[in-house]
Each structure stands twice: as structure tokens, then as C-alpha cells.
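One chain follows as C-alpha cells, the form predicted on its own.
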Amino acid sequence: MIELNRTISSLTPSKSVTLMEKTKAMQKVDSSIINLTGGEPDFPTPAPICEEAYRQMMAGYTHYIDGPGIMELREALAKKLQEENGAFYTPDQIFVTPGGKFAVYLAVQSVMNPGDEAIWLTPGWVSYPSIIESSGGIPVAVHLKWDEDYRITYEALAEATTEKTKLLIINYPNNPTGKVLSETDREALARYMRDYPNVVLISDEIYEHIVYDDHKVVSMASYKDIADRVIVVNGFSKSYAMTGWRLGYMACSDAIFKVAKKLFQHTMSCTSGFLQKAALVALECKEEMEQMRQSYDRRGQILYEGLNQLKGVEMKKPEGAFYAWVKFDLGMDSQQTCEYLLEQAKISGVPGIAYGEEDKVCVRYSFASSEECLYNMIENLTALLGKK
């Protein structure tokens, strides 16, 4: 029997993607199942973006383009990063990638060597440890805690650091908890980066425009004394409802860019030019983006107020992103809880264990879904669990 790639074969499948596919299959049999597994906006891509993509295709802009991206878009992204984030990257330090996920993969592959360690914060996005492992690296989890409001401490980061630590990955606003970096969090991260000059920080900022109340998103790339070791990853999927377009980007130092370019040339070659032209229009769709953000804000409030009235249920108030991070006290772990609620209340979510959650009692539900679905979810849970 032929032995296939051992590293890739041993990777854990994405639990969120797997559950989303499973739930969609179940809905074909039972349409009453409420699917809140996927992190995908339910809004259509704004019309001006689609119209520009069509116009560029019809104009013949469908051939190879410069690998890192068309200069017009890279210049616009550099301006955006400088004006909105205080992150001073040049256009020649920006890569346009087929999705933010590939930007994370490109960044990790460019930095890590076999045997290197990479710290990731849990609860955290399901693909980080698998991407680290696919690079020959070793994922090291730093478990943030519900009772401490998932705050980052210098001590926890330092304790997880060894002479093999090469990388730290953060994601804020956070998937799945909805937390935004506080000033205390940022200072802990900045202190850590100053004390460990051989560590590179990947800052995944894909949800940066989806924030609520008075919360502000501040990029760690705005800290000038560590900026040369910060890789910013972002994209158009979440804020602009462009998940299927597969458009992301990364910004990094010249040294990292040089290595990343070699890998990109041998894998993707380039990202579609007509899509990048449309992305320029997306950057101007601020009104449409704000309308979506306001809708997510209302939906988050619906779940926050509804779920916190139920027995054995507690939900963190979202500060950003579009996820309800819900703690259940049903005498079951998160996997069992998900299966129980799917069977008894016809609600599908993703168990906290998928995000490396240490306590294993939380479930993530996406509220990038209609208000009707969310009210139905609360109604089903109320009938099953009762109110406090």
C-alpha cells in the first residue's frame, strides 16, 4: 500500500466546516433544523462590487496578473492600513491572497521551520493548529478562561514560551468568543513581543469592521517598535459579505515578503485580476458595510437577551464578530451538548472543544442569520430548558 503524506494525513478535519456540511445535508431531510454553524454572512455581496467584477470580466481582465496583486489594490490597502490601523506597510509589503485562510497559511509557512513552536490562544479559530502542523511546527495552546473574561496575560504567554517558540497567532475580534483586544491585552502582547525578539506575531484581523458599542479595534502593527515582526492578515469575506470570492491579504516585513513570494509563485501564481478590481470598489462600500454591522448588532442583542433568560445558559455579550459564545450547564461536555440540542431542539452549533476550549462546556452559534431563525432558536431552547 502506498504511504501518503503523513503530516497532512494526520491533520484533524475542520470541525466547523464538517458540521456545516453535515447540517446542510440534514436540512434537506428536515427543513426545521436551525443551522448556526457557519461563519458566513447571510447578506448578498453589495451590488456595486458584483457589477465591477462583471464589467472587468467583460473588458477582458481575465488573464495572469502580477503575483502579489495588482498595484492599484495594494496601494489602496497600504493607504487603508495606514489611515485606519496606524500600520505603515508599503504596497510592496502587501500580498493579495485567495482568501484570508491562505494568507494565514502563507504567513505560517514563510516563518516556521520543522520543530518550531507556535503559540495560539484558545478558544481560537479551528484551523490555526492544523496550519501550524502542516508546516512541520508544533502548536502550543495558551488557554484563556471564561471566568477571567478571556483576557491575555504576559505571564501565560511567557510560561508557554521556549527556545523553540517562533510564532504567536492572535485573532481579534475573536472567533469564537467575540472578544476585542482591551488596552490591558495589548500592553501584555507588546511587552511579550519586546521581551522575546525572536518571535513573530500574526494578527488575524478579518472581523475588524464588525464591532459593537464603544469597542475599538487597535492593531498590534500600530506599535512601531514591534511592527517589523507583526504580520497582519485580513480580507473581504466577513465585513463585505464576499466569502465565496476568496480574497484576502497579508502585510509583512520585506524579509518575510521575500520568502512568501517564493511559495506563492509555486502554489497560487496569482489571484484573479477582475476580483481584485472589484475589491477596490468594496473598499468604498462603507454604507453597505455599516448596514450589515448594525444588523449583526441587533441580532447579537436578540440572542444575548434571550439566551441569558434560560436555565443553565449564559452568553458572553459580543464585542465584535458575529458569534454567540454560549456556556451550558447541562451536565454534558460541549460535544454532547451540541448533539443533545440538535436532537431535542433542532439547533446546530459548533462545540467549544473544536476551538481548543479547555473547559469544554461552551458552544458557538453564528448570528449571521435571519432574526427569524434566532427567535426560533430561543423559542426552541425555551421549550426545552425553561426560563430561570
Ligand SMILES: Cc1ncc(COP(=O)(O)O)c(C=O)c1O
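The numbering used is simple: start at 1 and walk along the sequence shown. None of these values were measured; they are calculated from a predicted model.
In what follows, reference is made to the form predicted in complex with this ligand, a form of this protein that is not presented.
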*Report the stretch among 303-311, 203-211, 150-158, 290-298 that approaches this ligand in the model of the complex to within 4.5 Å, counting heavy atoms only.*
203-211
*asked:* Counting only non-hydrogen atoms and a 4.5 Å threshold, tell me whether 101, 125 and 171 all contact this ligand in the model of the complex.
replied: yes
*State the residue from 222, 182, 165, 237 whose non-hydrogen atoms include one within 4.5 Å of this ligand in the model of the complex.*
237
*Which of 229, 246, 316, 277 has a heavy atom within 4.5 Å of this ligand in the model of the complex?*
246
*Does at least one non-hydrogen atom of residue 271 fall within 4.5 angstroms of this ligand in the model of the complex?*
no
*Counting only non-hydrogen atoms and a 4.5 angstroms cut-off, does residue 110 reach this ligand in the model of the complex?*
no
